[in-house]
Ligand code: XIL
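Only one chain comes next, encoded as structure tokens, the form predicted alone.
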């Protein structure tokens, strides 16, 4: 009996510790493992930004993508530099493969993005022509892409990040060569190429910057009055755990919904190390991240269900987050860690 007591006295604490390290209690295990898809817990689509090379070459990445999410946004593949690297030379091989694979897995695809000031090919940056020439070039770019995927991609980010923080239009080359009507024209051309597609304007900071948000809402409300087909707004929602004014985020979601735009939380990630300091991952920050995501989802669910286009996370694993490469800092903003183990934020989402 002494031997058994000693054995239990040694083993039981380790068993208890192991249970704690799973991040979930026994009655939460079903919510934290990967057996039940994340999207099955939601009444609206749960999407993810997908890297096509990882989708082809990383089996665990592919498995999580097609089993946990029911909508995919191409992270880079449909941006102009990738899909039209030379004038009138479209890279259909990779984009067709991407679309066909995801369709075979019954995943919806949200196109991203047709018009942007970044990741454009050199020929487009250096395009020579008058205003009519620039319009023709942009129209062709939109027509070719949206038209090719008319039956398979039923929603698009038509224009991306066209506003500055003060609410003014960004001085990009589209504005310089076509004028502010480039935005209106882009939406009209996308609609002509696919009248059935839902068309979105997508931008960052609108959830926390009322000046920018109000300018965007007013601009696209005015376009609607002119008959421009604009269905929704994408709030990228790149936030961090140190932003604690959830009332501001709730207000942003309500304001978009009050103007009857479909609302897409389109590039969600929650940074733990926004200042780029020396950083050690810790349980408190992981919990704060999970709690913040829970509150964002609860706020999102409070708007009219018919305006809930869905929530898209900008990546699967922390190791592939754009934040690490773009800002050159260590961060852990996504649902899965470097080894594709679900984090507390994933577990919390299944309670919504």
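Treat the numbers as computed from the prediction; the structure is a model and nothing was measured. Positions refer to the first chain, counted from 1.
Note that the form predicted in complex with this ligand isn't included here; everything after this is about it.
- Only one of 71, 79, 141, 191 lies close to this ligand in the model of the complex, with a heavy atom inside 4.5 Å, and it is 79.
- Only one of the listed residues (160, 84, 95, 271) places a non-hydrogen atom within 4.5 angstroms of this ligand in the model of the complex, and that residue is 160.
- In short, of 227-235, 276-284, 243-251, 108-116 it is 108-116 that has heavy atoms within 4.5 Å of this ligand in the model of the complex.
- Contact between residue 314 and this ligand in the model of the complex is found at the 4.5 Å heavy atom cutoff.
- In the model of the complex, at least one heavy atom of residue 322 sits within 4.5 Å of a heavy atom of this ligand.
- Interface membership of residue 184, defined by any non-hydrogen atom within 4.5 Å of this ligand in the model of the complex, is ruled out.
- In the model of the complex, this ligand sits within 4.5 Å of a heavy atom belonging to residue 202.
- Along 254-282, a single residue, 267, places a heavy atom within 4.5 Å of this ligand in the model of the complex.
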